[in-house]
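Given as structure tokens, the chain that follows is alone and in the form predicted on its own.
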């Protein structure tokens, strides 16, 4: 008679496997104390990619399990390496303070980082968009949508398969999602070099996705965006919003609109032409390609826009002539050109800072950079208003220097924050909050505060020898000699 042996796993590993089951295709970074740990096959893969030590951990009577980990403060170093290796990474945090919990700490995935969905500074190239694309194979047309979550740029299109293939070649998405069951068709059209993720068929529901887009933009319809009748495009665009929810990216208030990409407005270049003209890479080297050689933009935003202009040349003669008018004005008016270049050079990546504000990830120094950028924007607006060029003058009218935002940051945050994490202090300026000012004074001048308390209590009780002392058991306490015990107020507690 065969006897089946039952293995009992540790509570921690039971919790790990339960969370891992929700994200089986992602490497799970499991927070344990001050470390992110990976287990089993994840550990084997992680140790190989990162070059860190692979060990084993006891797992109750279930023997042991492979283990590889790194300190939590090094996540910005190791996470980009995993994602660039084409891995999906689920970040699982401790949702409770271990000091206040008896037994197992509650844990949960707070973010799923993928090649096309990331807000990490270490994964973003300054002058390159990180597009997540969605493709929906409809009955008559193919719908597509492109979103850069780091900037909020959102595009929608639909047409035949060849047109969508040219779009994908031009915008070079880092990740493409499409409906499960269409693998063969997808590969036959787009090849097998794209990083992809398949979603269930029910995700691509027109009515559900139409409502998702309206809710996101705070509208009752999509007419204002010129996309109302794009059935297949809307289906693809809504699937992107679902994917953001699925990857735990729910703070997306910066995605406020969607733009239509019309086949008739641009010259659409196929992948072979892009490669042969070396528009974005030259024999695999991006530094010597066409877009990099001509790039003299002063900001990351300008660099991204230039690449998009190269990828999608416009056909409208009036728009082309309008751009030429601007160039002519700058050539003729060198003083204006110098002022504009100086102010634009002082502007930071406002697009990505705004996205990080919406996603609650902005740092104090980024806010200071935003403030400084808005000062430059104010001067830039005035410079453009002074020109006789109709295009530049019209552009200046659209610029909002956000004076109230700029002044609020200037008032509330130190000009040069001591730390780039608000939890470490040295960020909020003096005079913003009276309680904070008092606590900061106590932290910086603790001895003076204790001396003042000691003098105050000595005078109040008439005990000249009263002292304030400290130990690890009680913390700070008042020490009174036995000869003065009768003078101790009844409100004091004896220890």
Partner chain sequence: MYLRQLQTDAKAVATIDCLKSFATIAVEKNYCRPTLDNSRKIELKSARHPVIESLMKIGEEYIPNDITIDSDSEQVLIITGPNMSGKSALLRQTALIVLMAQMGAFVPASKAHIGIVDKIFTRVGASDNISQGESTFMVEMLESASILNNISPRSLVLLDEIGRGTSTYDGISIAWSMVEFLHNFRDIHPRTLFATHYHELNELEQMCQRVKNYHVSVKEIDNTIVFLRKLERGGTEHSFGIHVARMAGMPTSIIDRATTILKNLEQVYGNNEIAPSVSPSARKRNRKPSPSVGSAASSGMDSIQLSMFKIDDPVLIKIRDQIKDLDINSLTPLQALNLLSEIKKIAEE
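Numbering follows the first chain given and starts at 1. Worth saying up front: this structure is predicted, and the values here are computed from it rather than measured.
FYI, the form predicted together with the partner chain isn't displayed, but the following is about it.
K.L.:
Using heavy atoms and a 4.5 Å limit, would one call residue 200 a contact residue for the partner chain in the predicted bound form?
P.N.:
No - in the predicted bound form, heavy atoms of residue 200 and the partner chain never come within 4.5 Å of each other.
K.L.:
Just to confirm, residue 407 within 4.5 Å of the partner chain in the predicted bound form by heavy atoms?
P.N.:
No, residue 407 stays farther than 4.5 Å from the partner chain in the predicted bound form.
K.L.:
May I ask you to state whether residue 309 is within 4.5 Å of the partner chain in the predicted bound form, using heavy atom distances?
P.N.:
Yes, residue 309 sits close enough to the partner chain in the predicted bound form that at least one of its heavy atoms falls within 4.5 Å.
K.L.:
How about residue 141: is it within 4.5 Å of the partner chain in the predicted bound form, going by heavy atoms?
P.N.:
No, residue 141 stays farther than 4.5 Å from the partner chain in the predicted bound form.
K.L.:
Run the contact test on 434, 450 and 492 with a 4.5 Å heavy atom cut-off to the partner chain in the predicted bound form and return yes or no.
P.N.:
No, the whole trio is out of contact, none within 4.5 Å by any heavy atom.
K.L.:
Only one of these stretches, 107 to 115, 202 to 210, 322 to 330, 172 to 180, has heavy atoms within 4.5 Å of the partner chain in the predicted bound form; which one is it?
P.N.:
Stretch with heavy atoms near the partner: 322 to 330.
K.L.:
Though the partner chain is not shown, can you say which of 279, 383, 85, 189 has a heavy atom within 4.5 Å of it in the predicted bound form?
P.N.:
Only one option qualifies, and that one is 279.
K.L.:
Under a 4.5 angstroms heavy atom criterion, identify the one residue in 74, 399, 95, 101 near the partner chain in the predicted bound form.
P.N.:
Selected option: 399.
K.L.:
Check each residue of 262 to 282 against the partner chain in the predicted bound form and list those with a heavy atom within 4.5 Å, in sequence order.
P.N.:
Contacts from 262 to 282: 266, 267, 268, 269, 270, 272, 273, 275, 276, 277, 279.
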